[in-house]
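Just one chain follows, in the form predicted alone, and it is written as structure tokens.
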Amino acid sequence: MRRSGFILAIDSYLVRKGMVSILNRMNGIAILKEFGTAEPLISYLKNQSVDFIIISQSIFDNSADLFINYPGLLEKTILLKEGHSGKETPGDSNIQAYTSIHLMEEKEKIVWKIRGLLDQNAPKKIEVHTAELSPRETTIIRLVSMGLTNRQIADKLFLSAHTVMTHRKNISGKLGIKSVSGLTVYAIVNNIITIEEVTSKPAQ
């Protein structure tokens, strides 16, 4: 039986070793590499293939350009997040590009999520934020991803710059994403914008 190769990119040594312990107890998994920072991970992924990546939020944010340039990696990515959310259950039917794991989740739930990825017939799941966003917030995420400034967005949507900033603050609060690169990756994953639109000239 072929084993699925996993890359671990987790900045905390203790958390990384804890994840290694969980994976080593699961059949059909081989840990290929461990990274504690973004730079060696980016270099490795540009030249090596991988089945799945478990990556901490900070390293993911610092590697955002890589995921934008190679969007296929998102389908192999498990985002390791701090905190806990009880929104997702095994009965969810939402299909997304990558799964998220919260550090405070029980080991059984972490194993369940990873098993879901290993099963080629199982949908990949994450906690879904899109439904929480208003149409206006979704539009603003799209324009931010296209490279527009707050002033440009305000002019385009006939809003004040202060209103745009308020919307962006609310978006960051809902998604837990503060950087432009992080919002861009989120927009691509959730089909708010395409890779071609991101790499094209900013809208006027």
Partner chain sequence: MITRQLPMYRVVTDHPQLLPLFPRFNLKLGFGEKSVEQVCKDHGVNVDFFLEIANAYLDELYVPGEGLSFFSLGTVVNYILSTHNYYMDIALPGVEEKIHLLMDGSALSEKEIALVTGFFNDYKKDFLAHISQEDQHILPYVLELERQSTLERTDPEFLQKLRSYSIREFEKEHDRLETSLEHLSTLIIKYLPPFDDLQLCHQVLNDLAALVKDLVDHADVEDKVLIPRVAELEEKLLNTPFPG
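Predicted model, so just to flag it, every value in this text is computed and none were measured. Between two forms, the rigid core is the largest collection of C-alphas that superpose within 1.5 Å. Positions refer to the first chain, counted from 1.
Quick note: we don't show the form predicted together with its partner chain, though the next part is all about it.
Each of P40, S49 and K169 within 4.5 Å of its partner chain in the predicted bound form, by any heavy atom, yes or no?
Per the other structure, none of P40, S49 and K169 touch its partner chain.
Examine L118 and determine whether its closest non-hydrogen atom to its partner chain in the predicted bound form is within 4.5 angstroms.
Heavy-atom contact with its partner chain at 4.5 Å: absent for L118.
Wondering, does T138 line up within 4.5 Å of its partner chain in the predicted bound form on heavy atoms?
No, T138 stays farther than 4.5 Å from its partner chain in the predicted bound form.
Heavy atom of S179 within 4.5 Å of its partner chain in the predicted bound form
Residue-level check for S179: yes, a contact with its partner chain.
I195: touches its partner chain in the predicted bound form, heavy atom cutoff 4.5 angstroms
Result yes; I195 sits at the interface with its partner chain in the predicted bound form.
I55: after superposing the rigid core, is there a C-alpha shift of 2 Å or more between the shown form and the other one?
Shift at I55: below 2 Å after core fit.
C-alpha of L23 moved at least 2 Å between the shown form and the other one on rigid core:
After core superposition, the C-alpha of L23 moves less than 2 Å between the shown form and the other one.
Please determine whether the C-alpha atom of S12 is displaced by 2 Å or more between the shown form and the other one following superposition on the rigid core.
Where the cores coincide, S12 shows only a C-alpha shift between the shown form and the other one that is less than 2 Å.
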